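Just the one chain here, laid out as structure tokens, in the form predicted alone.
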């Protein structure tokens, strides 16, 4: 592969910010972007270089890396920013992606990556407008009870309306909750693995970025042709039409009907009242508007309009716009047996106000409810009587997770893996590699993906899709075949997340089209080189994890997933263990990949 830099191209510029001494500088690293494209690839390499071995996740030596790729701001649905850091939740690789305007803003500001190092003595937020960077006092924002208010204050103070991104934390990040999120543009998040806590440990309340640079392409004619091709592919796609009409909550009824919807802390895989909280129900009864990420024609972000009376003036009403999607509905809905859609929206809103990851929060509340039922924890410790479907009790519990009034809530603030080591209940503590599970109880491929994926997430390799196809064909899959399919998917996703393309468009951004699109911005790749690059990035991530203490042999498999049948039958622990061993033998190999 060879690349010639386009005149005026700023993708290879990295902005370094040191919070300790309030300094900043830029470096040009074309070597990184030529080798690893951008996004995940570049961020992984920078994390390896900038994070010392054994660094404390909440210490000043843990860097935050934001990176974008060569297609951001150039092609539709190339709309994501990648964040890399050492995770306070798992103790190793932290990787989170967010949409909104962040990727476009960073590129138009003139950077391919931003690296934030050190920590501030006092609350601060960073304001970046092109070449201009300022450290702003954030003491008045620190401790604000509502993340919405924080965003509103910064919006009124900062320039760049319409082309800027505002990333900020809530009280959960300030209190160093291990699964605190970073909120961007109100309805998008760096949600998983605790980036918000890393912000909080650095006394970094927010990051604002805007810019007005123009992006250039190598061959305008070829670019227009490629743009038209992908735009038509996306806008005429039946799958994208469903994302627009219903969004990801369309999965609620589908998974429920196949008995793959985790319910009541996975005691069941079918929720009798799932229809109440389905995508169809929300679209009919609550949908207020749809929102799109920058440079995306799909508008898959669905906002519910919840109308409630003011507490002090019950005759007057306020309307709150609340973002909802499948993972949030699963975690705070079916897993808690919350069937009232308005109650579920209140839970989603409280999580947003506090700045928590909704998936982890829901799984932790489900574990706590069952642990209290089994008398592993007392009402004195919980200070509540948690019960399935009780929205009011769960609202109070969410607030206490952030307030941390006692040792029990301190434990909950560190995740379900940690809490179960303190109070028991590991058999039904649903975390993989320390990260709370996604909402797919489809079969062995899904769970093997959770165990071995670089982020222990369904977004690593979409194992649920392998299970669903096997369920339709009725053909049993051997564990080696599952491993090969998971590994091929995760390798390719390293390329998509280095570009950085939304995974919803993964069937549109085929290897053939990616090669064509890259050529219009100055990169020359073939399929073999693409896949080998994806494998190298994946290997690099796992090497970082192992360097920081991750051991595949010590992965815990919660007994609950073996007890509740999937649509493909009961899972077998020895089969999953075999798959883990086989996967890591292949991912850490030195061989080259021959094809996509």
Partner chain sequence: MQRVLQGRMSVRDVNLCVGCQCCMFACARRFGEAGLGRSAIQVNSAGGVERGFIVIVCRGCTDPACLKSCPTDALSKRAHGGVILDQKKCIGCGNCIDACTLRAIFWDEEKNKPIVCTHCGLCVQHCPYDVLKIEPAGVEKID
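Numbering follows the first chain given and starts at 1. Since this is a predicted model, take the numbers as computed values, not measurements.
This protein has a second form, the form predicted together with the partner chain, left out of what is shown; the following refers to that one.
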| item | value |
| --- | --- |
| Residue 104, heavy atom within 4.5 angstroms of the partner chain in the predicted bound form | yes |
| The partner chain contact in the predicted bound form: residue 185, any heavy atom under 4.5 Å | yes |
| In the predicted bound form, residue 299 touching the partner chain (heavy atom, 4.5 Å) | yes |
| Proximity of residue 321 to the partner chain in the predicted bound form, heavy atoms at 4.5 Å | yes |
| Candidate from 214, 380, 374, 385 lying within 4.5 Å of the partner chain in the predicted bound form - any heavy atom | 214 |
| The partner chain: the contacting residue among 108, 401, 501, 331 in the predicted bound form [heavy atom, 4.5 Å] | 108 |
| Partner-facing stretch of 86-94, 337-345, 388-396, 68-76, counted where any non-hydrogen atom is within 4.5 angstroms of the partner chain in the predicted bound form | 68-76 |
| The partner chain in the predicted bound form: contacted by all of 411, 493 and 545, heavy atom 4.5 Å | no |
| Residues of stretch 145-183 in contact with the partner chain in the predicted bound form (4.5 Å, non-hydrogen atom) | 152, 155, 161, 162, 163 |
